[in-house]
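Here you get one chain, nothing else, as C-alpha cells; it is the form predicted alone.
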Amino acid sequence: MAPYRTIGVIGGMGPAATADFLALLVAGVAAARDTDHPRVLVDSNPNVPDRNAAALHGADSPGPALAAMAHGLVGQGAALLAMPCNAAHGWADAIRAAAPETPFVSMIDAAVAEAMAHKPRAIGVLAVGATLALDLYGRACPVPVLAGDLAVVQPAVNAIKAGDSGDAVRAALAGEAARLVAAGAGVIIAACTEVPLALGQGDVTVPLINSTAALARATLAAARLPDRMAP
C-alpha cells in the first residue's frame, strides 16, 4: 500500500494538460515499484462550460459541473482533490462546497509559493482571459503581477489545445515572457496549463514556474501520509 491518500483529479480542461499533470504525478514519486504510487481517480471532462465565456461574457458557469465532479470523485474514494486548470480555480468555492470535508489543493497557491521562493519584486503571468478577469494571481500574490497580453497568449493556448505546440507558438509565448521580463518581472508563471506544453525554461531568461508541475508537487506533499500511518 502506497503511503498516500487517494487523489481525485478534476480534469479535462483540457485533456492534454490533465495527461501532463498525471505524468508529473508519476514522475514526482521516488518509486521502486507500482505500489509506491498513490491511487489516482480521474474525471477528465472536456464538457465543463467554458471558463473564459463564463468570466468574460456571463455564459453558463462551470461551477455546477466542477461541483458534480468533485462530489463524484469523493464518492469513489478520493481523500484529496486537485484540478489542473488555472482558470477553473475561479469557481473553486463550488468544489469546496460540494466536498467540504475533503482538502482541495490550490494550483494558484502552489504556483505563487514556488514563484515567491525566488523573491521577485514582480511576477509575470501568461494566462487566459478568465484567469486575468478574475484576478486569480493578483489576489494571491504579495507582489505586483504583470499580465501577459491576452491577444498573444489566448491564440497560443488555442493552438496548443488544437495540437500545435510548434516553433511559432513557442516563439509567441517566449516573446511575451521577454516583454514581461523587460517590464520588471523577476519570475514568469506559466499560468495556463497549456503554456508549459510549448514553453520551457530554456525559452525564458528568468525562472519559469510551471503551474502544472507546482500543483503536482503540492498534491503529492498534501497526499502523503505521516510516516506513522504509512505501511
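Everything quoted here is computed from the prediction, not taken from an experiment. The first residue of the sequence shown is number 1, and the count goes up from there.
FYI, the form predicted together with another copy of the chain isn't displayed, but the following is about it.
Colleague: Mind telling me which stretch in 56-64, 24-32, 202-210, 174-182 gets its heavy atoms within 4.5 Å of another copy of the chain in the model of the complex?
Modeller: Only one stretch qualifies here: 24-32.
Colleague: Do A168 and another copy of the chain come within 4.5 Å of each other in the model of the complex, heavy atoms counted?
Modeller: No, A168 stays farther than 4.5 Å from another copy of the chain in the model of the complex.
Colleague: Just checking whether N45 would be counted as a contact of another copy of the chain in the model of the complex - the rule being heavy atoms within 4.5 angstroms.
Modeller: Yes, N45 sits close enough to another copy of the chain in the model of the complex that at least one of its heavy atoms falls within 4.5 Å.
Colleague: Should G72 be classed as touching another copy of the chain in the model of the complex when contacts are defined as heavy atoms within 4.5 Å?
Modeller: Because a heavy atom of G72 falls inside 4.5 Å of another copy of the chain in the model of the complex, the answer is yes.
Colleague: State yes or no: in the model of the complex, is some non-hydrogen atom of L215 no more than 4.5 angstroms from a non-hydrogen atom of another copy of the chain?
Modeller: No, L215 is distant from the partner.
Colleague: So which bits of 14-40 sit within 4.5 Å of another copy of the chain in the model of the complex, heavy atoms only?
Modeller: G14, P15, A16, T18, A19, L22, A23, V26, A31, A32, D34, T35, H37, P38, R39, V40, in sequence order.
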